[in-house]
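Next up is one chain by itself, shown in structure tokens, the form predicted on its own.
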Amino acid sequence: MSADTAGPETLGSLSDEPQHQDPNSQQAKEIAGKSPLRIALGRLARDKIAVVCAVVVLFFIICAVFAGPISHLFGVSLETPLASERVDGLNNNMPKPEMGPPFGPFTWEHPMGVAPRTGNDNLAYWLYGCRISLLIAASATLVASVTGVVVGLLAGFLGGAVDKILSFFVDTFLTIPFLLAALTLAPILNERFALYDSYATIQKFSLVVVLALFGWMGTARLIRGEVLALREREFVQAARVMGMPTSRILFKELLPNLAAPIIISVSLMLPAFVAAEAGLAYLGIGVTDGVSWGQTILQAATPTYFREYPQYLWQPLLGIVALVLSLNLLGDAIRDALDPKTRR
């Protein structure tokens, strides 16, 4: 057949994929029967950057969960000794040479050295600071995700007045600057609960509430948009015709089809909360009564310590950078793996 008499090109002919695949071929057998989750996990396993980031995140999770046993393994703890035992008062309160680098050789007693002025062990504070950061970020992510998913489901499926009211609340919270609100709430909480014995726990709980309060709107808008498209699909219409209750339609029919955007939202929200927790602690409005990477950075930012003992600042800072960067890259990889249109 000549080029003039050839029929119009179809979409399949423009694709770089083969138009006809032998169903008995090895590739066809590998693809057949695979669930979307298995396909996504296969894509992630082939992504070297995603694998490296997953290993880094797993390392931080292990450090956070097993901070106590790891500290015990190295023989370090959060107990504050007499400062004169570990720091030299004649040398700007810097660690003594026998307490490790940079003023002395590496020692297993204090692998990451000790803090200036106080003599606290840096490794113990780094491990427990990792636990606090991940605990607060994970708790805030869980609360914000659940709130955003529920609000998005209700607004998108019910529509009408419910959609308008919930969308109004979403837009209202989006107009409030997060940092300004945190700066306003922190002094109120400090003055109200400062004399309580459980002030440290109350402070962490309040920080989770503040982060979640200003973090659920993006998830809600994303889920609402997805539900607006899904509610017109045949399986939802069939469920309505069968008289299925609204709660069952929302959580049994719609929610399983929203797994991909929810996972993507969580994977991007978690690193944002890790960075926010450290930033608030550095500003003195986050975790101020207890162990925190942000608190260590705040104390290490003193010009004397920064110049003469830089590892005191760089240890928690590198931890935050590595964790946030790995979580962000892993979140991007998960988004690409769950997207059926991507060829990665």
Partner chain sequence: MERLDSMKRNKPLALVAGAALLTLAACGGGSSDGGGSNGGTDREFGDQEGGTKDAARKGPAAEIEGAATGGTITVYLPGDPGPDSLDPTTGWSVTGNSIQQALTSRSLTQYARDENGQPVLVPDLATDLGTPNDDYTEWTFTIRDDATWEDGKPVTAEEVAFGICRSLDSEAFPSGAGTEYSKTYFKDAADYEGPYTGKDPNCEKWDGIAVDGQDITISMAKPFPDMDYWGAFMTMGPAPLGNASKPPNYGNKPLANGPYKVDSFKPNEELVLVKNDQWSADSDPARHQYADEFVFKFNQDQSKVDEIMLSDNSDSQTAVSTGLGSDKYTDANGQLGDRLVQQTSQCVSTLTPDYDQITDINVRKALAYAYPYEDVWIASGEVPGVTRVPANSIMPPGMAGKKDFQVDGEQITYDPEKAKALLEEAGVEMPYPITMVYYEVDPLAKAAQDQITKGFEASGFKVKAVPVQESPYNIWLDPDNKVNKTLNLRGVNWCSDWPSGSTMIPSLLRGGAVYNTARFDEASVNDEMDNIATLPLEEQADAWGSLDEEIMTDYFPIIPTAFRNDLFVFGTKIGNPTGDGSIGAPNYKDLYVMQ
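Here the structure is a predicted model, which means the values were calculated and not measured. Numbering follows the first chain given and starts at 1. C-alpha atoms forming the largest set that superposes within 1.5 Å between two forms make up the rigid core.
This protein has a second form, the form predicted in complex with its partner chain, left out of what is shown; the following refers to that one.
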- prompt: Three residues, 197, 302 and 308; all within 4.5 Å of its partner chain in the model of the complex via heavy atoms?
  reply: yes
task: Given that the partner is absent here, state which listed stretch (186 to 194, 219 to 227, 157 to 165, 256 to 264) has heavy atoms within 4.5 Å of its partner chain in the model of the complex.
output: 186 to 194
query: Just one of 206, 147, 246, 91 has a heavy atom within 4.5 Å of its partner chain in the model of the complex. Which one?
result: 91
- request: Answer with one of 53, 298, 276, 67: the residue that has a non-hydrogen atom within 4.5 Å of its partner chain in the model of the complex.
  value: 298
query: Is residue 282 close enough to touch its partner chain in the model of the complex, meaning at least one heavy atom pair within 4.5 Å?
result: yes
- prompt: Does residue 242 make contact with its partner chain in the model of the complex, using a 4.5 Å heavy atom cut-off?
  reply: no
message: So in the model of the complex, is its partner chain close enough to residue 83 to count as touching (4.5 Å, heavy atoms)?
response: yes
- prompt: Going by a heavy atom distance of 4.5 Å, is residue 233 a contact of its partner chain in the model of the complex?
  reply: no
- prompt: If you look in the model of the complex, which residues in 214 to 253 sit within 4.5 Å of its partner chain (heavy atoms)?
  reply: none
- prompt: Superposing on the rigid core, do we see a C-alpha displacement of 2 Å or more at residue 303 between this form and the one not shown?
  reply: yes
